[in-house]
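The chain below stands alone and is given as structure tokens, in the form predicted on its own.
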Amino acid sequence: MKLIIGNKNYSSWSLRGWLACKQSGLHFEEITVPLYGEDWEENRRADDLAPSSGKVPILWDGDGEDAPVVWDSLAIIDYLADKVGRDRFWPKDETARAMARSMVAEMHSSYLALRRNLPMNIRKRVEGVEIKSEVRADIVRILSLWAEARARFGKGGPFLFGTFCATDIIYAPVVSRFMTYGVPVPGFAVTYMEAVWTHDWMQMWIDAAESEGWTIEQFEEPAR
């Protein structure tokens, strides 16, 4: 398999696709295409990115014109779950799985204010950020979902549904955003965020992000 991703410091959806590939346990080649660089317009029209119209992440499962190709992080999660078994990605309990799927879908389609105002920037730490009311509403909603998942289904480990699963994959960039901008969270959320941040795969991603030589000004500006 071949996974094409954007800059690790900024690309939240790439992080999700990459964590999904790690969770699958399958071997994959990782290719980084710097977003908005000098060659970006040319790169996004390349054959490897054509199916997604230049969006990352995009997963190729083999070579050739007939090789399966999947883009969009949620689609990548579902595709890999079909390959290796859904229990690797989703809680086994039916009630827990229903909530996990709903939380993933909500993250996938919602929280635009949070995304626009607090862009992912792993390398940065910002103090005194003014949190707008619409962003605060997103934060409150996310924390309420985290609290419910942990209270009802989190007894088997430190993650939202106990063990690391698709829900943690999807919310990992939110953890990064909360840390970058010093978003105040209750104690249970601090503990959860530490579990995500110190996960071996997250540490691999963070180390790579910190060593990248690219800066994208449009993602740095909102943090100032």
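All residue numbers are counted from 1 along the displayed sequence. No experiment lies behind these values; they were computed from the predicted model shown.
Absent from the display: the form predicted in complex with a small molecule. The rest refers to it.
For the options 182, 158, 37, 54, the one in contact with the small molecule in the model of the complex, meaning a heavy atom within 4.5 Å, is 54. A single residue from the set 86, 152, 108, 116 has any heavy atom within 4.5 angstroms of the small molecule in the model of the complex; that residue is 108. Contact with the small molecule, judged by heavy atoms within 4.5 Å in the model of the complex, is confined among 142 to 150, 70 to 78, 126 to 134, 95 to 103 to 70 to 78. Although the partner is absent from this view, residue 24 stays clear of the small molecule in the model of the complex, with no non-hydrogen atom inside 4.5 angstroms. Mapping the unseen interface onto this chain, residue 9 falls outside it, with no heavy atom inside 4.5 Å of the small molecule in the model of the complex. By the criterion of a heavy atom within 4.5 Å, residue 44 is counted among the residues contacting the small molecule in the model of the complex. Under a 4.5 angstroms non-hydrogen atom cutoff, the small molecule in the model of the complex has residue 13 among its neighbouring residues.
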